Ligand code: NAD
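One chain comes next, on its own, written as structure tokens: the form predicted on its own.
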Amino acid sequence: MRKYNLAIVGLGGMGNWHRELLTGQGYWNNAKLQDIENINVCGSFDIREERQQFARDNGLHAYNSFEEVLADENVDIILCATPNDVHKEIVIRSLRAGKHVVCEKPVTLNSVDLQEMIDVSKETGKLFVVHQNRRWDEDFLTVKKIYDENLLGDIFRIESRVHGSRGIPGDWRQEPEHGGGMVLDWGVHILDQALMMIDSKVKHVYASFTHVTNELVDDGFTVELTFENGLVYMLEVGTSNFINLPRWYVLGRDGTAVINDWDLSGKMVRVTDWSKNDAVPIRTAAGLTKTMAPRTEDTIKEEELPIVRADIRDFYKNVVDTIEGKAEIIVKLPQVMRVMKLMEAIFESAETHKVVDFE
């Protein structure tokens, strides 16, 4: 079995996450993972000396420059885990140096730059793949199963939220020139999930941003996507939410599902008897309501979520299998381009305060 040498460019938080995953120091569902046996992390380069020293302390060769990484004929794959604004240069130079490239997301800041990167990938014949890791999130895969298998009847609305209360981290995420803001930071994940889940064109996009803690970039957003099949998909990211709403809320004709957080706590409630649709009015402080009276227990059934398990190592296994011609890459570049163009439509909608037609 051939072992591929991988060098990390940018050994920050995500770069180190990859190092831990590939070397068997990472965790998944609180269980320690084995290393990915056919990839060897041979070294890294970072412009910060403290990260260079961190590499040495953890048994990695610390390259003196990016040029030295490119010149090393033993390097097969380069992982680009730098701030977003320098991805393009690193990816293009790596591809032209004959390396396969795994790039963190967002892959770049606009669709024009992405197309340039795609063109160089085709020109060189080297693999260029974007690390859309949250396709392996088990909460997402569970909701996708509910949708795919029509477990709630015809689903007409999906709400996907990520809430925090610490504002934007005090790094490049606060700076527009480095690709900061929550659309590029978290939107790229949950938008990719939306487009992977719903096999239909997006007809309309409407977005609004918040600037509670930062005027330069969006520190939160709400987006409503209307799909051609009629489904409405609402996405929300907030960084000033001291009480979080559920991670997922899914509405179907015959039931509702809720997932509270990444811990997969939640449930489904489904109708068992539509014939018993009448209700005894309930009293509120200011009067009666029959419309909002709760269903009786004999007409509904509470069920556990159909949890789908995953293994994040499958991303890198697919990378190796694709290089060896044994598989097709899972994260396809046209899918990445679609997400990038959708983010551009979101920025346009938020700026103009108008609905934007998309596909």
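What you are looking at is a predicted structure, and each value in this text was computed from that prediction instead of being measured. One rule holds for the numbers: they count along the sequence shown, beginning at 1.
One more form of this protein, predicted in complex with this ligand, exists but is not displayed; see below.
> Indicate whether residue 249 is a 4.5 Å heavy atom neighbour of this ligand in the predicted bound form.
Residue 249: no contact with this ligand in the predicted bound form.
> Does any part of residue 48 reach within 4.5 Å of this ligand in the predicted bound form? Heavy atoms only, please.
Residue 48 belongs to the contact set for this ligand.
> Taking 4.5 angstroms as the cut-off for heavy atoms, does residue 345 touch this ligand in the predicted bound form?
No, residue 345 stays farther than 4.5 Å from this ligand in the predicted bound form.
> Considering non-hydrogen atoms and a 4.5 Å limit, does this ligand approach residue 83 in the predicted bound form?
Yes.
> Spot the stretch among 155-163, 170-178, 115-123, 207-215 with residues whose non-hydrogen atoms come within 4.5 Å of this ligand in the predicted bound form.
Only one stretch passes the 4.5 Å heavy-atom test: 170-178.
> For the three residues 11, 90 and 104, verify that every one has a non-hydrogen atom within 4.5 Å of this ligand in the predicted bound form; reply yes or no.
Per the other structure, all of 11, 90 and 104 touch this ligand.
> Considering 139, 192, 76, 185, which brings a non-hydrogen atom within 4.5 Å of this ligand in the predicted bound form?
Checking each option against this ligand in the predicted bound form, the one that comes within 4.5 Å is 185.
> Looking at 131, 144, 270, 135, which has any heavy atom no more than 4.5 Å from this ligand in the predicted bound form?
When this ligand is considered in the predicted bound form, the option within 4.5 Å is 131.
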